[in-house]
Ligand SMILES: Cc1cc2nc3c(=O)[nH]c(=O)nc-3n(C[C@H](O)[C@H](O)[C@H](O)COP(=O)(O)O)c2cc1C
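A single chain, nothing else alongside it, follows as structure tokens in the form predicted alone.
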Amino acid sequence: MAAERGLTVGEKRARLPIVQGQMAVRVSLEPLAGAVAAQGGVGLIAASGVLTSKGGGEELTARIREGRKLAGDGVLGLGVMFAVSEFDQILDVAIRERVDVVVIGAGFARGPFNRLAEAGIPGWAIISSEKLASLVCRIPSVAGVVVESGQAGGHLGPKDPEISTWDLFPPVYRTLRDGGFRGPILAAGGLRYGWEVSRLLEMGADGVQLGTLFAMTDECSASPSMKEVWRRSRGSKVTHVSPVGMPSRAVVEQSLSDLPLLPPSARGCLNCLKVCSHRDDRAQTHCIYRSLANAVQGRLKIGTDGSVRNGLVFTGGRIGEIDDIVPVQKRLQNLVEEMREDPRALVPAVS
């Protein structure tokens, strides 16, 4: 059965072919990652947004060690965005603490994967195109790949920000396998039900990465108000408000005209990103970190019409179909039960 296939991660093996997606700015920390790993999935602590704090290296180290206690003998890794300024320091911590896997998104370069491979730690790349798939095939140090569609939450990599997993995964998967890539290939973006997971495994995927389903759990570190916005949301939309220059997916109720602004004289910039128009262009006043942190920390303003202000609430494309906040154990139990159903009658046709 698909649910019993498991997923090989370096020298370890997760009982379930399910990876919890990295959700930065303190959404997926050790309580969530440790719980997912303990229940048989692959848990990822999102490092991006931790090292921006004072003493961030020490904090990240402590969170990894606590996550390992929660995970037991499960698979616990680190998720990091290549775009963050502290990327190299995060890799230092990951290697020193011997995490089970490092998943790198929001940019791509050969060097980090070479460095991880030399340290004996598998490095997985998040990609969204056949072009990048062809490049990955020429880099032996890339140990695994997550193919992320436009239905994922947060910043979006595909040229078409609306493309589904069903349309993106097959050609990228074929490019990787035809090019000789033999590591695990995962599908990600807009997945909701276990029978969709089973269908993707039938299509060749070694596993899936899920974000929003795990964000809406008791163990997620997002504020109660942010979780309530997710629970009540009717759907998602693509926005173009981020100063990093990429489209992003947020709840449909998001008010884009009332995001937190920091004028040039009062920015107090954390220099959290390598490239950021808010820092580099004096005319730009929207700080993506502040907007996301406001939401995670509970400073949202929710209007009587349901609109969300004063914080940016990222989400995946299927948010309108999820209306519960449950423990990680229950979320995974539901997925495994659904994976045992007949997938072919319950998912859209693959184009």
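Computed from a predicted structure; not experimentally measured. From 1 onward, residues are counted along the sequence shown.
There is another form of this protein, the form predicted in complex with the named molecule, and it is not shown here; the text below is about that form.
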Which one of these stretches, 175-183, 195-203, 272-280, 148-156, sits within 4.5 Å of the named molecule in the predicted bound form when only heavy atoms are counted? 148-156
Under a 4.5 Å heavy atom criterion, is residue 21 part of the interface with the named molecule in the predicted bound form? yes
Find out whether any non-hydrogen atom of residue 209 is located within 4.5 angstroms of the named molecule in the predicted bound form, and reply yes or no. yes
Looking in the predicted bound form, any heavy atom of residue 113 within 4.5 Å of the named molecule? no
Is residue 190 close to the named molecule in the predicted bound form, meaning a heavy atom pair under 4.5 Å apart or at it? yes
Just to confirm, with a 4.5 Å cut-off on non-hydrogen atoms, which of 316, 41, 67, 311 contacts the named molecule in the predicted bound form? 316
Work out which of 126, 136, 93, 121 lies within 4.5 Å of the named molecule in the predicted bound form, going by heavy atoms. 126
Contact check, 213-248 vs the named molecule in the predicted bound form, heavy atom within 4.5 Å, ordered by sequence, gives 230
